[in-house]
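In structure tokens, one chain follows: the form predicted alone.
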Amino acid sequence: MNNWLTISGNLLFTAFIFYLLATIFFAATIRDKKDVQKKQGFSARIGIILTIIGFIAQVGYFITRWIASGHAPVSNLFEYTTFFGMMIILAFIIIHFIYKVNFLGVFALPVALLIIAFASMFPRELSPLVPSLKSHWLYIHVTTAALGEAILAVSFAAGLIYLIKVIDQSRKSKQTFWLEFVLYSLLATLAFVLVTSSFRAVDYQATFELVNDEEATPIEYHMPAIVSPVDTVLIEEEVMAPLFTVPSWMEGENAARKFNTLLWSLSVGLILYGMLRLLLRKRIGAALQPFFKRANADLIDEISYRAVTIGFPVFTLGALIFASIWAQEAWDRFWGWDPKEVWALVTWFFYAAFLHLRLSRGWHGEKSAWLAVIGFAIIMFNLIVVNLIIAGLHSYA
């Protein structure tokens, strides 16, 4: 089993490297006039070949981990998030061959890279399935939901490119503010990877104990504590003392530790954003805009919309219908208003409203692009905040 697990880890790392190299080649297409005119110039061909090789390597990771664990590797946050990243790559490859739009790789691939890097911060050990996860409907529900969200992620990438291209950067406005906020959010995700990796490299540890717990259950932090759990004391004296305690309603498994990680990510992301602003001496959106001046805005808008028309029904099947069947099998009820279920429903209503506004009210172009960006923000909120902070039946994930 250990051999399969080692091979699996190596294949995932290989896939990550190929995706990184592919991103560089797709970025080169922006400056390559021949690539823009022929749509499939040298850089673009190398970029898509590297992407496909990386995808094959990640499929190899998935299969070998399945062999090692004895079940489909979608049962914890590490496995689900890597699968989500793999589905984003699959969705990008399909849409790339349909539309032959090279610059989509400049954002779709980095989003997948961030997702996979984000996954690597969670425990990777194999563990026995809890009873509620021992169901084929779990695999059907999770994989279909991840595929739907991945296709919607491509809509986000296209929408973001559209906004960078069309928003007037010559003056400050609400649009420039929110575009910068979206770009900051991507930097905060990158910050999460950097911060977690850094403190893990130095083996940082701070331990809290519950005040009135006779068993003295320890709660371990692996980065300096900005916030502490409720009713706990810090054991070590030589580490940084927490600045404040989490609210009492934040009772999820290790919720305070996860909230602490979130605060670190947001803070370091803000520092990264400030450094980039100082370096560029302009808004990041303004610095990126010239790279997309030859992009066809109407085509980007079309890709964003088509991705939603495909991703929405797939998401409906996976996150609502198949999820309800699994819930009936696991907990003897179709629907229970668990936080994860509520946010899946919120996501569904949002994209239903997206399609309604697009088809009935004519919300094309910039309005449609903003909706695609907001929709993906809801998906990421469900993935990060609901999983990590809010307690619920899905907290094992």
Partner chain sequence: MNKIKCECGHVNPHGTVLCEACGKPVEGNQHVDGNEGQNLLNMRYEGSARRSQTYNKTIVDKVWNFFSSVKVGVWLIILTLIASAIGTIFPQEIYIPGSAPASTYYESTYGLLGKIYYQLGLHNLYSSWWYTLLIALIGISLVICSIDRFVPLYRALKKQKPKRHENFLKRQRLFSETEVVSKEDMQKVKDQLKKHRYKITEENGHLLAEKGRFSRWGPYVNHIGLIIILIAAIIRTFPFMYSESSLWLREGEMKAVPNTNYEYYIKNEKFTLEFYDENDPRFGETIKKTGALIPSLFQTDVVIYKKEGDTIIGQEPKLKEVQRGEIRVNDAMKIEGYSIYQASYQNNEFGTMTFKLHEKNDPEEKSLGEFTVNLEDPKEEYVLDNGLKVRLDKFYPEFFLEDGVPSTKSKYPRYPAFVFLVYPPEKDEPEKSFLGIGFNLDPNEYDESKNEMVENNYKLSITNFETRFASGLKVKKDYSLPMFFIGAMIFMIGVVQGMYWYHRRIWIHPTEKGVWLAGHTNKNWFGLKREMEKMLLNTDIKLPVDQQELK
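Residue numbers count along the first chain shown, from 1. All figures in this text were calculated on a predicted structure; none of them were measured in a lab.
Only in words, not in the display: the form predicted together with the partner chain, which the text now covers.
- Checking 299 to 307, 165 to 173, 275 to 283, 87 to 95 against the partner chain in the predicted bound form, the stretch whose residues place heavy atoms within 4.5 Å of it is 299 to 307.
- Every residue in the set His71, Trp326 and Leu355 has a non-hydrogen atom no more than 4.5 Å from the partner chain in the predicted bound form.
- A residue is said to contact a partner when one of its heavy atoms sits within 4.5 Å of a partner heavy atom; Arg294 fails this definition for the partner chain in the predicted bound form, lying far away.
- Contact check for Trp370: no non-hydrogen atom falls within 4.5 Å of the partner chain in the predicted bound form.
- Using a 4.5 Å cutoff between non-hydrogen atoms, Gly336 counts as a contact of the partner chain in the predicted bound form.
- Interface residue remark: Leu288 is not counted as part of the site for the partner chain in the predicted bound form, having no heavy atom within 4.5 Å.
- Note on the partner interface in the predicted bound form: the residue among Ile321, Leu270, Val239, Leu194 having a heavy atom within 4.5 angstroms of the partner chain is Ile321.
- Interface residue among Phe208, Tyr184, Phe312, Tyr139, judged by heavy atoms within 4.5 Å of the partner chain in the predicted bound form: Phe312.
- Residues are counted as partner-facing when one of their heavy atoms sits within 4.5 Å of the partner chain in the predicted bound form; in 97 to 123 only Pro123 qualifies.
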